[in-house]
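As a starting point, one isolated chain is supplied in structure tokens, in the form predicted on its own.
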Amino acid sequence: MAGHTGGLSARMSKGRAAGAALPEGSPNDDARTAFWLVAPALALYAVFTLLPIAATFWLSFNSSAGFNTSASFVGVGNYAKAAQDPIVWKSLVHTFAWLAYHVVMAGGLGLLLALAVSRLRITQVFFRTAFFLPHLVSLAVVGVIWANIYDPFFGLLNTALTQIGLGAFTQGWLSDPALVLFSVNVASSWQGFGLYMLLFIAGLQNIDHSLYDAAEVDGANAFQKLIYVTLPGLREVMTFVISLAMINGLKGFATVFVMTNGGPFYQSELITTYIYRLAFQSQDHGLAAVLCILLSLLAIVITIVFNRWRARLSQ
């Protein structure tokens, strides 16, 4: 027994000695290894993100009339030109209105449908699937569908209003300057509300049902339970949906481009559609680059303001 124990101790000592002989990595070696692991991702980020941003800044200080022309340095000339362009200011106002419409209509409709569908037991899966289907359709196709719905002579909307005796409310939904931005945003919101509905349903399922039981014991009615239990329980989901809706709103382009191309009289022109018009139709790449920077700054400001509001709300 003593001989066996002695042999084991000898082997353990030999193992410790062998382990002590293994080279140990220094912090510098770990950092070097980590750098080479992330180097491919950094290279792709630099080529496809940082380099285009730098090129956009460079182009905003130059005058370029097309891909085949050489750029000439004009300083802040493009920025002054943008400040004096009334369509830039109009498209900026339309972009803010577009964001507000999208958050209220798409987010609000998603919340209302989530509250209604979550109460269903047998048909909930059917309605969840049916309401989510528009989100699977591309915005270009949605634009074509709703352009036909809004057709003033043969469209479904005006025909339905006439059939039910509300012919006085028929409109030129895409030709009326006062209605066109709202009408196009309805189509865009119709495509997006299904995703927001699913997010709200997931949030509703995470609310502790004992809170509803306690509210009933206290005599709360359905409206009071909605105000004091449901909506506070959805606070985190609401902030996420609002941020997602704002991101989608800032990317608004396809439905406007397909349905109105910014018209009539620039009344549905967004910054994104005006950038396309300047860059690929007017060949004014310098001014288009300025608007790209303006849109980026707008996204940064909205993000900062929203995050501060979200942090204050969570306190």
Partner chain sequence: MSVRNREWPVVLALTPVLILILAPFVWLVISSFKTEAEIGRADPFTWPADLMWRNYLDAWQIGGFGELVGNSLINLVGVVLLSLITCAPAGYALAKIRFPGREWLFYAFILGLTVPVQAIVIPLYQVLFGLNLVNTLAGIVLVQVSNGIPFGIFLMRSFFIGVPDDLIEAAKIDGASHFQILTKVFLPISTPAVQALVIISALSTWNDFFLPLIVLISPEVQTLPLGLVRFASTYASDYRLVFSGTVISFLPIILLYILMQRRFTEGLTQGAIKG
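Throughout, rigid core stands for the largest set of C-alpha atoms superposing within 1.5 Å between the two forms. Fair warning: this is a prediction, and the values are worked out from it, not measured in the lab. Residue numbers count along the first chain shown, from 1.
There is another form of the same protein, the form predicted together with the partner chain; it is not shown, and what comes next is about it.
Proximity to the partner chain in the predicted bound form, taken as a non-hydrogen atom within 4.5 angstroms, holds for one residue of 125, 227, 83, 104, which is 125.
A single residue from the set 92, 99, 74, 195 has any heavy atom within 4.5 angstroms of the partner chain in the predicted bound form; that residue is 195.
In the predicted bound form, none of the heavy atoms of residue 217 sits within 4.5 Å of a heavy atom of the partner chain. Contact annotation: residue 88 falls outside 4.5 Å of the partner chain in the predicted bound form, judged by heavy atom distances. In the predicted bound form, at least one heavy atom of residue 109 sits within 4.5 Å of the partner chain. Residue contact check for residue 132: one or more of its heavy atoms lie within 4.5 Å of the partner chain in the predicted bound form. Within 4.5 Å of the partner chain in the predicted bound form, a heavy atom is found for none of 78, 238 and 305.
Contact residues in stretch 266 to 296 (any heavy atom within 4.5 Å of the partner chain, taken in the predicted bound form) are 272, 275, 276, 279, 280, 285, 288, 289, 292, 295, 296. The two forms, fitted on the rigid core, differ between the shown form and the other one by 2 Å or more at the CA of residue 33. With the core held fixed, the Cα of residue 49 is displaced between the shown form and the other one by 2 Å or more.
Comparing the forms between the shown form and the other one on their rigid core, the Cα displacement of residue 221 reaches 2 Å or more.
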